[in-house]
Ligand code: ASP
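As a starting point, one isolated chain is supplied in structure tokens, in the form predicted alone.
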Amino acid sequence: MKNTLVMKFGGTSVGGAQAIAQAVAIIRGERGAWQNLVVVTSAMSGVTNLLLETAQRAARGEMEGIAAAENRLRDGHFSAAEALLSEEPARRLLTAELGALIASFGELCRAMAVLGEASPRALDAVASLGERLSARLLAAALTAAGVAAQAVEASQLIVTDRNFQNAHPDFAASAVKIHQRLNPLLEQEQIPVVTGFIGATPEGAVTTLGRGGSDYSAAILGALLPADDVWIWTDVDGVMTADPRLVAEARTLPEITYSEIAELAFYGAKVLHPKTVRPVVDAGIGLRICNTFNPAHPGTRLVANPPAEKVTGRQVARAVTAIRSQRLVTIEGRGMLGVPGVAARAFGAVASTGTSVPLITQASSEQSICFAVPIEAFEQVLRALEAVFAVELRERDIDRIWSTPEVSIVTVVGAGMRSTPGVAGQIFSQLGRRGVNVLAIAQGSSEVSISLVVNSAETETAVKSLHELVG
């Protein structure tokens, strides 16, 4: 018998009674193979969006949506409880717990309406309710199926800073709490069903780890228990060579390296949260991505080194992904040449807006810097840059600060690209044959990926074209 497995189920994997029943079957199937099982759950699909949108509207004084949201939450969760729990006392107890959480959501929204604001701390309190509902429902379903389980709030396990809505965990403090809370349950052969996505400050205020953070929660628990393996259960058969909605020929990769998945997760592949990889790598534990609705499929296994297949020619690239809805911002001017600190001031201005920059490129002439920002942030970023460089713009040391129309970042990923001559040539030749214009290019020193900026309208053509290079 193997020792410890952490399994995380995403929103679609707990999206209703049928999906939860499938998750229960998967957990029961692994119960005999592992000494310890820990389950992490997301909120039901769509619930977190409903919670946050309702709270934000309430803060603007739009209170009419609160009761409707409460009803939607009750309908979704109560109907699942009705289908999954046949015994009336257990069902009554569960619906009472779920009802109390839903009522607290309504109270929080009404308080925001009175105050006329939704602080990051208050939004985290609201957003956490989806996972708290889901964990209770899944734990009750497991218990009803004869598997001893208990819902556990991750706010009792994961200690974070006070950076509400995108909190950073304190691994040392979290390790102490995880062992204190989970070890007794595991010793009693119970399965902890932990709320993904959330943590708490040392003072106990609920925080969240950023959208999609349940994967990260599973990685943190896996690293600190420590587990032998972390399995991420989702609604696809693993990591694919491209988005199947764009490329019909996309297929599942049986193995992928940590460096490759880190690039794919960062550059738009939704199958794994970008922060998930590091705790797993640092702890030296396994990670697998599986399909809840096709559990017989082996999924994708993450490995430390490239797969043993011969990497030649068309096998150099492993996958292609794209981030849409970006703008390319450029700072240009002959007065920038040789002037120290321009980049530092530029990115300091961007950071002051709370915006993340997914791609940066600069010509060796030092007469321009360009970088991508999400489309919803570009106006705020431009204003910040114009304020920081007001003197240089007035004196014409900087000619202009401007942005392109909407663009996409298309990224080709493959560990086999490292030190392989001619990869960039293949990529540009492929795009040239399809008439795709490349606006900017960036490659990290790891040589695991090459990122290209293309016009938004050419995204699908670029991805399909470059997927032909995938071996």
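This is a predicted model, so every value here is computed, not measured. One rule holds for the numbers: they count along the sequence shown, beginning at 1.
What comes next is about the form predicted together with the ligand, which does not appear here.
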One residue of S408, N36, T48, T54 in contact with the ligand, assessed in the model of the complex (non-hydrogen atom, 4.5 angstroms): T48
Partner-free chain; cross-checking the ligand in the model of the complex, the single residue of R92, R162, R396, R211 with a heavy atom within 4.5 Å is R211
Give a yes/no on whether E131 approaches the ligand to within 4.5 Å in the model of the complex, heavy atoms considered. yes
Though only this chain appears here, would A43 touch the ligand in the model of the complex if you measure heavy atom gaps against 4.5 Å? yes
Taking 4.5 angstroms as the heavy atom distance cut-off, pick the stretch from 153-161, 83-91, 213-221, 375-383 that is near the ligand in the model of the complex. 213-221
Pick out the residues of 171-210 whose heavy atoms come within 4.5 Å of the ligand in the model of the complex. F197
